[in-house]
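Okay, so here's just one chain, in structure tokens, the form predicted alone.
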Amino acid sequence: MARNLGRFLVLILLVSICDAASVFQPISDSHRSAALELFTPVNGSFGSLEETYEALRTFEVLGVENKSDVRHASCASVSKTLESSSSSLKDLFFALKVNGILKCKINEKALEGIISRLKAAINDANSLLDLYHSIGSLVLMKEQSLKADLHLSDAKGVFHSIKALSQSDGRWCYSSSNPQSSAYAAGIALETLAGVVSLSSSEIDQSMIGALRNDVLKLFDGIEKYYNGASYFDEKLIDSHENQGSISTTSSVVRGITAFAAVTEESLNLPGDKILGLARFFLGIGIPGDSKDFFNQIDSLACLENNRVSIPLILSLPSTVLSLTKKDSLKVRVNTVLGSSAPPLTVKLVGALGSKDTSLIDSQELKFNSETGVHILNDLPKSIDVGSYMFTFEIVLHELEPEEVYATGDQTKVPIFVTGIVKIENAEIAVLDSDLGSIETQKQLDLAGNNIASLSANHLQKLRLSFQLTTPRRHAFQPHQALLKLRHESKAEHIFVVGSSGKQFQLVLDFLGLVEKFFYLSGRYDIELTVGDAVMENSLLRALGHIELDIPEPPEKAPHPPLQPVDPYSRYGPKAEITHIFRAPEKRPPKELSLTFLGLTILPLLGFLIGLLRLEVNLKNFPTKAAPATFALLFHIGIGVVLLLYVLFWLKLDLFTTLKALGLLGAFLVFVGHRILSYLAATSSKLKSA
């Protein structure tokens, strides 16, 4: 179990190192699975027309078949938007986008009305976004083979009005009233200008096209770069609601330059490494968790997949970990960003840097397997041993057609980890005599087996551990970790680093100098060895046995071993059983005596009732008038409630509750008693005076 734990820790280290490496992979099935999770229709609809287009466009590029039927609801929304005169330019734009994918049945008369509305909007537009949606809608209608006249009568003027919003740094403003420049707006402007060129009835002046080409070059002068070769555009707007993230900004620029390059005859002359850097940016972000960013990633890669600027080619490796023991081959793939096959080319391994700055190999060409589309180097050079390297690859394109332009970059550097089984030889553990250095006890260790050493020593002796490590190429190997741990039966642990000289590893522990570090604790110490490295396939963490150590009694001021940490999960374990001891009940009187006492208590009540009968108590003097009779009745009821309160106090109520209730009843009895007694006194005085 300890051995498996060691291998697991080394595996985690290796995976973390590989994740940090700059290895770009084309679009894969993981993106297709993510698309189905991010774009999930609700009640047969993706939401707004913009969200519907983003979902459908993503599925179209990735070749994903959406299992839910959204055609009916989406086409109904498209028809409603196109037939409504109150629809915004943005809604019309995305309705036509959705229609371009679903091919809905649209009323042609409604489309004719939209054309005149869009042309009027172009003439009255005062912002870049209005022009983008209006001109983009006309371009979409042209692409959908509508027979109506879609040409712009004043294409040159529209071109000038859009070009007037450009800035000296290649960025654009959203409107003349907003002086802040934006790279996102530059992408929108380029895409809009491409639409103007395609809708123009006559050829646009080439000087205007040349000026726009210079703006594109200025825009790319301000491109941002990562250390791994990825390039991106970022906004510089401050406190603006129009600010966009780097993904949406870069995506806007990519759409703009690819759309503009598609309608111009001359090349934009953009450096291929910058186009390749844009592709690396979108591939390097992995799988975005936001549907908008995911759409921008896929749509931008689709634009780069087929464009007239340059098509980026991505060099990737199915695995950056190669095993010498298993004789793994070095495999390299070259594809487009969406995973399509690359044109005829050759991949060369031109260098491999290890711990030193000099290359360990000569340039050699990888063999191409046409069936699998993989470039292979079957046998690694003899100079490559276990360790980490930086391999340098170069892509050499074969003869291509003049119109085919690909971006491969100068050279591609990929971190490679070469692993193997490190041979552990001549392992032994011995107890040495301190004075003469002679061997008293020696055990041969089979670190690949399960043999256990049982040793004993005193404080005047030494413990020696030695072994050798060699790589599959028979070179000396220096692991990241070579540690020896001694664990006392009291859980106190001591860790020592095993030193090395070439292939030989050796550690000598002089117990005489370690008695204070061991806190003068005699007894059994378990011995554990750890040897591990990211490129060592047989990293180990195993027990070697134990040693019975005899150490003198500690002096008075000797240090005490530290308190061992308490397992935090022990607080959730079973608790000790609590045994309660109750006081024995007091002895009670006999039952007969209790009943006799009860009878004596009731006798006064019986005497009271008999006295009332002898006195011939009656209700002849009870008031007959309504008001006095009511007060008299309430007074007697109050007396009865007081008696009932005494009974409840005896049975269940506490003293404070009883006194509180008695105080309220007392105030009530004083009031009604005073009224009835006043009435009786007045009646008695009238009878005496009569």
Partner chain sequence: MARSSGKDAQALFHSLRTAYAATPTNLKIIDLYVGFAVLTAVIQVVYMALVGSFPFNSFLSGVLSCVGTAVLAVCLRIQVNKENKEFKDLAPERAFADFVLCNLVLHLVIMNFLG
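Here the structure is a predicted model, which means the values were calculated and not measured. Basically, rigid core = biggest C-alpha set you can superpose within 1.5 Å across the two forms. Numbering follows the first chain given and starts at 1.
Separately, the form predicted in complex with its partner chain exists; it is not shown, and the next lines address it.
- 658 is the sole member of 48, 33, 658, 28 with a non-hydrogen atom lying within 4.5 angstroms of its partner chain in the predicted bound form.
- Interface residue among 372, 442, 594, 363, judged by heavy atoms within 4.5 Å of its partner chain in the predicted bound form: 594.
- Relative to its partner chain in the predicted bound form, residues 451, 496 and 502 are all farther than 4.5 Å at every heavy atom.
- Using a 4.5 angstroms threshold between heavy atoms, residue 202 stays clear of its partner chain in the predicted bound form.
- Taking the partner from elsewhere, residue 631 is found to have every heavy atom lying beyond 4.5 Å of its partner chain in the predicted bound form.
- Residue contact check for residue 179: none of its heavy atoms lie within 4.5 Å of its partner chain in the predicted bound form.
- Within this chain, residue 446 is remote from the site of its partner chain in the predicted bound form, having no heavy atom within 4.5 Å.
- Picking from 389 to 397, 154 to 162, 408 to 416, 614 to 622 the stretch near its partner chain in the predicted bound form, with a 4.5 Å limit on heavy atoms, gives 614 to 622.
- Contacts between 661 to 687 and its partner chain, taken as any heavy atom within 4.5 Å in the predicted bound form, involve 662, 669, 677, 680, 681, 684.
- Once the rigid core is used as the reference frame, the Cα position of residue 56 differs between this form and the one not shown by less than 2 Å.
- Taking 2 Å as the criterion, residue 33 does not count as shifted between this form and the one not shown: its C-alpha moves by less than this amount when the rigid core is aligned.
- In the core-superposed comparison between this form and the one not shown, the C-alpha atom of residue 590 has shifted by at least 2 angstroms.
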